[in-house]
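Quick heads-up: it's one chain on its own, the form predicted alone, in structure tokens.
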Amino acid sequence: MKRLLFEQKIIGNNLTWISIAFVGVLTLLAFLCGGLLNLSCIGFEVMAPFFAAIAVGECGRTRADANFDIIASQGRSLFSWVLLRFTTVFLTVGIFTFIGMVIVLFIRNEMPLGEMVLLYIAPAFLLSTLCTLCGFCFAQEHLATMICGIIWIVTMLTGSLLRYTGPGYVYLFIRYAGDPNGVWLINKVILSGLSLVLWAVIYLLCGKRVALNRR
């Protein structure tokens, strides 16, 4: 917990204020949106995961951090540092997203709170993990966010692929797209599994980087 608080201090208060603003936007939309828009679905399966990825890409920087080489060569564990920074940002965004879920539930009562959490966790975890992987591989600032943004946009534009059964198992926003084949729970499990695979790749890359720096 002390290390999480220390990372939070390094990241600064901007993430907190931006997260508060995001909750404010969700609250405003909850009051102003009509009944034709399912805010619980689009807000927490589409908007919130993208916000989490942006936060990880911009606030949870690793390779773009000026101290990256020092940490990689002298730190106890490069992977622990990467995971800790990711966890700090992801948890911060997750806490405020959960507050937003409670507010939307209270105002609109569109779906159960647990269902909103399930809709959010898998795509947010996958996009944020992908942002962490890109942030570790590339030293350019904002590049990781740009890559995840392109993937987000392409996914939004390819919803027509769900007319076939296969793409539905890995489509990021399956409930938002209508889930024509009724596979959204399996989809969330698969997306979470892909995220863990990406973390295994990050772990291996961290090990190779440490070995290279200590030669």
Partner chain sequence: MNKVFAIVRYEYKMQLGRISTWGILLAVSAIALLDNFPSTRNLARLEFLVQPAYFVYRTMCLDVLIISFGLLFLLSGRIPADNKTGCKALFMAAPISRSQYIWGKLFGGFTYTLTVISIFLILNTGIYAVFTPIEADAGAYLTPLIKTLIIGGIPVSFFISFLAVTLPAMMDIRLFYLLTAVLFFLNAGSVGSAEAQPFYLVTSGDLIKLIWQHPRFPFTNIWSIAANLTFLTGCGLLSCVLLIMKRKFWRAE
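Keep in mind the model is a prediction, meaning the values are calculated, not measured. Numbering follows the first chain given and starts at 1.
A second form of this protein, the form predicted in complex with its partner chain, is not displayed here; the remarks below concern that form.
Using a 4.5 Å heavy atom cutoff, none of 107, 116 and 172 lies near its partner chain in the predicted bound form.
Residue contact check for residue 145: one or more of its heavy atoms lie within 4.5 Å of its partner chain in the predicted bound form.
In the predicted bound form, at least one heavy atom of residue 156 sits within 4.5 Å of a heavy atom of its partner chain.
Mapping the unseen interface onto this chain, residue 28 falls outside it, with no heavy atom inside 4.5 Å of its partner chain in the predicted bound form. Using a 4.5 Å cutoff between non-hydrogen atoms, residue 178 does not count as a contact of its partner chain in the predicted bound form. Scanning 38-53 for heavy atoms within 4.5 Å of its partner chain in the predicted bound form gives 42, 46, 47, 50, 51 in sequence order.
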